[in-house]
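Quick setup: one chain, the form predicted on its own, written in structure tokens, and binding and motion questions come after.
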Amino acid sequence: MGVQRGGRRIAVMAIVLGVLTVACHGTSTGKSSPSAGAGATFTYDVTSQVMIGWDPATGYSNEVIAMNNMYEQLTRYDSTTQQVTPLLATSWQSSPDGLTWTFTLRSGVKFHTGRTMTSEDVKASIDRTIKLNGGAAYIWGPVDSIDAPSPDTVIFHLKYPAPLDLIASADYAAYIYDTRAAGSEDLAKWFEQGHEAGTGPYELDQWNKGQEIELRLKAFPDYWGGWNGPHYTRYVFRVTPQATTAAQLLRSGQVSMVERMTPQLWQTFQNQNGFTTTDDPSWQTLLAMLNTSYGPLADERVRQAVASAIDYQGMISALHGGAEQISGFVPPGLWGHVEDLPNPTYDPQRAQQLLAQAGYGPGGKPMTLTLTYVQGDADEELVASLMKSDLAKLNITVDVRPLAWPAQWAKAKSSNPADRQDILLFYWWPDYADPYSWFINLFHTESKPYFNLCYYSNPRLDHMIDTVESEAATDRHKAIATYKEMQELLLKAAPALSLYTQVYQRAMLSSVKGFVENPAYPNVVFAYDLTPG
């Protein structure tokens, strides 16, 4: 982990039109208390601080891995079946023109505050998220108004057709929460003091900010899904930046699963008694954001030279199965992905020629670039080392600085351009199963940096970003062509380098049963769905 996310406030258009009705209806598994499997604790070892923010309306960072166990959305995306499935809503349908969506809510759902959830709570949650307009709130851009005509019915009126069932499954900003939880207090302040008000299977037990055992959750007795059968009744998040330490904790049984370790360490758990390993492709891409507004990289020739100086195949090989090459910026498995785009390739001769044109390179002016990455991420550390080595051959010194994510992000958003980094390594993934969030967040012009951390501005690209989802609502093929054109433009201008798509290599105790990777919810482990052996 270690990546905070950001969002634009520009509306998201529809992907599909027409009547969409979900035939499946979710059912409760029973209302027994969490006695079955009592005492079973799932401990998830992660690389960096979990709770960057506490407000479910605006949280847009590592907290996704915890919030998706404390909070729930109306729907959930199943990446295996590529279908939207019921969660707090049991069924939904859209009008023929795609402008009205009606959701039928699950009965008997309780908030952790003790209140029973109704349609008014769903309306209040989403209205507040839209009003605060932070984090990924832009996903609700199509919504014009929300009605709650009966306790179990919510009706969304849209400004234009949109896939609201998919939007409602987003990993951020789609949570339903008790807006009355703070009483007379300010709700935003109440959340940030370390409180939650979700409907999920686990509720907050203890938060130890800055500590290794950062967060403890416990089973919510009144969870609508019930606690029949064996379940983990406690969920612990343990922060271990050092991969070797994480591996040791797993071997000794002190943690149940490790989020990420080096491929070499991961391989030592393969085929070992007492452990299970998985490796699944993700939608999480590692990007190198290049500073286009200040310093040597403001020169496009220098950016292109840096792009040509990196040994991408060597990087993939060094990660020993932990990464796959990517064409463009949109990962395979999402529409908008295009094979055979003109990605940069390792060409040190071209890099030297481009640097010479700009006055740099061997025999030219020396260049020093500052590169930041998330402290504790072994893959980013390796990538930073390889980039430093590749660029050193061209008379470019790379000052590599590992930083905790909050510090890295603060530096990148500094109001003083001279204080920002030249190269920033971080991961990106979609807010829901759509390529839109790559472009609206990372490359649309921003007057004040948020997640356009290459500080790139291109009116032509802005126009395409602003219209591509509208095209998707009426002509998917045209939208795909636009996304291809956008990626070709970015690959030429090189404001950022799409280094690879991460392969999630998990190692866990063999007693952990039922784990299924879902790249739509990056690094999230839904502990309720697991069975303690």
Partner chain sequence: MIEQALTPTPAGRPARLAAVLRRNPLLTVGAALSLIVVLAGLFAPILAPHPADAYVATHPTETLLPPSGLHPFGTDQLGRDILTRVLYGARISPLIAVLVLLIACVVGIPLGIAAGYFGGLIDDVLMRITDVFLAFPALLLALAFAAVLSPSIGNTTLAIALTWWPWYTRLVRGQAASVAGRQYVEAARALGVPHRRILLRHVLPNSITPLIVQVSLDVSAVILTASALSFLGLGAQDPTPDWGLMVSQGQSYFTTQWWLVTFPGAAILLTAVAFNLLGDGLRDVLDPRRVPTR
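So that the term is clear: the rigid core is the largest set of C-alpha atoms that superpose within 1.5 Å between two forms. Positions refer to the first chain, counted from 1. Everything quoted here is computed from the prediction, not taken from an experiment.
This protein has a second form, the form predicted in complex with its partner chain, left out of what is shown; the following refers to that one.
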query = Going by heavy atoms within 4.5 Å, which of 73-81, 274-282, 387-395, 454-462 lines up against its partner chain in the predicted complex?
reply = 387-395
query = For the spot marked by A57, T113 and E196, is every residue within 4.5 Å of its partner chain in the predicted complex through some heavy atom?
reply = no
request  = Select from the listed residues P402, P86, G226, G98 the one whose heavy atoms reach within 4.5 Å of its partner chain in the predicted complex.
outcome  = P402
note = Note: exactly one of D311, E300, D222, D152 sits with a heavy atom within 4.5 Å of its partner chain in the predicted complex, namely D311
query = Do S107 and its partner chain share at least one heavy atom pair within 4.5 Å in the predicted complex?
reply = no
ask   = At the 4.5 Å heavy atom threshold, is Q325 in contact with its partner chain in the predicted complex?
value = no
In the predicted complex, L265 touching its partner chain (heavy atom, 4.5 Å) = yes
key: Partner proximity in the predicted complex: K365 to its partner chain, non-hydrogen atom cutoff 4.5 Å   = no
query = Taking its partner chain in the predicted complex, which residues along 234-252 bring a heavy atom to within 4.5 Å of it?
reply = T244
inquiry  = Core superposed first: is there a CA shift of 2 Å or greater at T262 between this form and the one not shown?
reply    = no
ask   = Honestly, after the rigid core fit, is E203 moving at least 2 Å at Cα between this form and the one not shown?
value = no
